[in-house]
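Coming up is one lone chain in structure tokens, specifically the form predicted alone.
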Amino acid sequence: MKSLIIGGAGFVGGYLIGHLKDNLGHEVAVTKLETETIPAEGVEVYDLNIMVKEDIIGLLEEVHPDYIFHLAAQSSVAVCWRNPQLTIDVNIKGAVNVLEALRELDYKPRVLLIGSGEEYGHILPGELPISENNNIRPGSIYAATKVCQNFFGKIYADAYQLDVMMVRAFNHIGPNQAPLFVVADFCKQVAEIEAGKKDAVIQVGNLSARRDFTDVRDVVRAYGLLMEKGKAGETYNVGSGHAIAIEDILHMILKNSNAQVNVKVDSQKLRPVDVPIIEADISKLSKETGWQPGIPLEQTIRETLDYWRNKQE
């Protein structure tokens, strides 16, 4: 079995490479931007700009993968507010280029388009946990681009008989995640305080928001199972099934530290629009693949904090 990861230089890509190669025994090819590096051994690495459809076609003809995981995206909600055009170009135009390239192939690989739990947007009372059939009310530019990707994936699966599945992945965390994201950001700040590299003040945003956090290693395991057992044209939630307040995440991190830390709200970390709560209904994924999250949140937080501690040495 040969898998291609489009956009594999990021946080999830590294874990997915390892899972496919080491746990599932796949041959793995992975794409990156020219400016990026992928340190993984035993994989084929290609430079690819998904804004150029002809380059995607050429790569697919050369690699001839059985499975394609489309991870390439501008995935930071914070960045999307600062640079909406970049987010729209990469997340919508880039995804359509991939779908168009697939339509021109003489064979049909299985494809997984990675979306986001942010697509659901504002959740009404009584809608939790959120199923895949819930109304979507995207509250950010990032979420809107992922909704568009999901719609295009469904249309291309139905109209052109492409073997495309879609995921709405809720917050995933773990060691090596960039500090653009909340858990990595908090762990990095605490590690810097412990090392004496930062004043004993942690800068935070909205602590009342409740999110559904899953260890990235559980997430990539779900992606692998969906490739084996998922159904074309369907969307699957990937999450823990439990929402937790960002404030409680912060308390978990501070409990694992001996540092005396003051907490200060930083207006730069507040979003123009923030959804109060997001929690996934994962029954569809579990029923069709047998997947359940296996790594406790407390373990993920400890390991993420230790990762940032090691970075201070």
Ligand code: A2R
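The first residue of the shown sequence is 1; numbering continues from there. What you see is a predicted model; the values in this text were computed from it and never measured.
Unshown form predicted in complex with the named molecule; subsequent notes refer to it.
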Of the listed stretches (65-73, 246-254, 261-269, 284-292), which one has a non-hydrogen atom within 4.5 Å of the named molecule in the predicted complex? 65-73
V30, heavy atom within 4.5 angstroms of the named molecule in the predicted complex: no
Test of understanding: in the predicted complex, would A40 fall inside 4.5 Å of the named molecule by heavy atoms? no
Interface membership of G115, the named molecule in the predicted complex, 4.5 Å heavy atom rule: yes
Hey, in the predicted complex, is Y142 touching the named molecule, heavy atoms inside 4.5 Å? yes
Please identify the residue among A184, V90, L102, V147 with any heavy atom within 4.5 Å of the named molecule in the predicted complex. V90
Residues of stretch 1-38 in contact with the named molecule in the predicted complex (4.5 Å, non-hydrogen atom): G7, A9, G10, F11, V12, G13, L33, E36
